[in-house]
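Heads up, the chain below is alone and in the form predicted alone; it's given as structure tokens.
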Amino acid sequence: MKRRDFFRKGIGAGIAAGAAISIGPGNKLFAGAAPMLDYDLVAVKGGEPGTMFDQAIQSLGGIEKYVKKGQRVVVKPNLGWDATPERAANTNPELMARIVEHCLAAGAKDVYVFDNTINEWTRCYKNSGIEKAVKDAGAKVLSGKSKGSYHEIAVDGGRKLKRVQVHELILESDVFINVPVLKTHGGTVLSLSMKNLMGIVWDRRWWHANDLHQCIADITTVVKPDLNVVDAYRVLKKNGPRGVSTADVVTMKSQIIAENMVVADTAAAKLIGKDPAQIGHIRMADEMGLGSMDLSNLKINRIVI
């Protein structure tokens, strides 16, 4: 089996020295655009999901910076729940479709979408709207519920997690685009980029019984998405991760995009008004040198549509 090179980005990838730009909590994230290139982080606000991604990825140099002709791409949403898009328990289907379209336009040979769902997978795929949206855009949709599709790898840098079974699509892909939805979570405070990696592994129950936050931080030592796109169009602000009704949802019309998961999750936590240092797996990943919660020296592009 061809192993994807998870280590090519290295520790702290995507974090470059730049002008001192404070990101601040809440809406201050979008205060003032920075006229520079080679951004470490893009924060977009005020548009529809596809339009926001169009502008964000253009400011990063286009999807061609990440996807080359003939490559095999995995676009991984949060797709764990049998819920309609209005419930905000899953990634926005319009955003997923637009990312697939960009990848195929860049010449990707195949674009795959999957998740190891919590609820029955066919209902999750259908009722989320994601299956139809990405198929119409040209993606291939596979179930994440076949145990034979997961292969064990070592987690050499893990403090608690030492070995893990990862889906072969991730192991064999050329490009991995991680597309979580920003939402609250009863066990981890928030569900973001790092937490979304629980949908690419087989046995998550062990994680819950053996320091969930540390296991989430540990897997980021070996699985490093090429790009993280945090969907914050509709945000489940309470009763996450599944939600009870649309009354739990606020429309924020935002996106956070970064190569580094710690950077993306730190910014997304601030966007929803949470202190990232109080979220165990973000703090642990920072302490392990996997990225920084200090965004003050990053090149940040703030786009308001």
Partner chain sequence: MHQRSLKTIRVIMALLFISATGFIFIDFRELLPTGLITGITFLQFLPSLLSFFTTFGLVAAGFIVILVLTILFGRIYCSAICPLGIFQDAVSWIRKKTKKKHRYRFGKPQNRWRYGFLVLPLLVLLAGKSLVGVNLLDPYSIFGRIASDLFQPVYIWLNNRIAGVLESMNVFFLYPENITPARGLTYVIPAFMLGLVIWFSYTRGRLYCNTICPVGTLLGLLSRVAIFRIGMIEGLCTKCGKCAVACKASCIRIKSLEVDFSRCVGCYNCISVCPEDAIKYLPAAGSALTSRRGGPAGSVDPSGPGDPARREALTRMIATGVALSGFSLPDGSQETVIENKVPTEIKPVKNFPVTPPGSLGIRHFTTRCTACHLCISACPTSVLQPSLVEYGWSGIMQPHMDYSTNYCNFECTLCTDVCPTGAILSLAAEAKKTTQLGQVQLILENCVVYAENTACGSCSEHCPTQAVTMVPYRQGLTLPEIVPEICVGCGACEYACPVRPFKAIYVDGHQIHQVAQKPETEELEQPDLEEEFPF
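Residue numbers count along the first chain shown, from 1. For clarity, every value in this text was computed on a predicted model and none was experimentally measured.
Form predicted together with the partner chain: not shown, discussed below.
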Looking at 199-207, 221-229, 172-180, 95-103, which lies within 4.5 angstroms of the partner chain in the model of the complex, counting heavy atoms?
199-207
Do heavy atoms from each of Asp110, Ser245 and Met252 fall within 4.5 Å of the partner chain in the model of the complex?
yes
Which listed residue (Glu86, Glu152, Glu120, Asp156) meets the criterion of a heavy atom within 4.5 Å of the partner chain in the model of the complex?
Glu120
Quick one: is Lys69 in contact with the partner chain in the model of the complex, heavy atoms, 4.5 Å cut-off?
no
Evaluate Ala258 for contact with the partner chain in the model of the complex, applying a 4.5 angstroms cut-off between non-hydrogen atoms, and reply yes or no.
no
According to a 4.5 angstroms non-hydrogen atom cut-off, is Lys65 in contact with the partner chain in the model of the complex?
no
Flag Leu290 as yes or no: does it have a non-hydrogen atom within 4.5 angstroms of any non-hydrogen atom of the partner chain in the model of the complex?
no
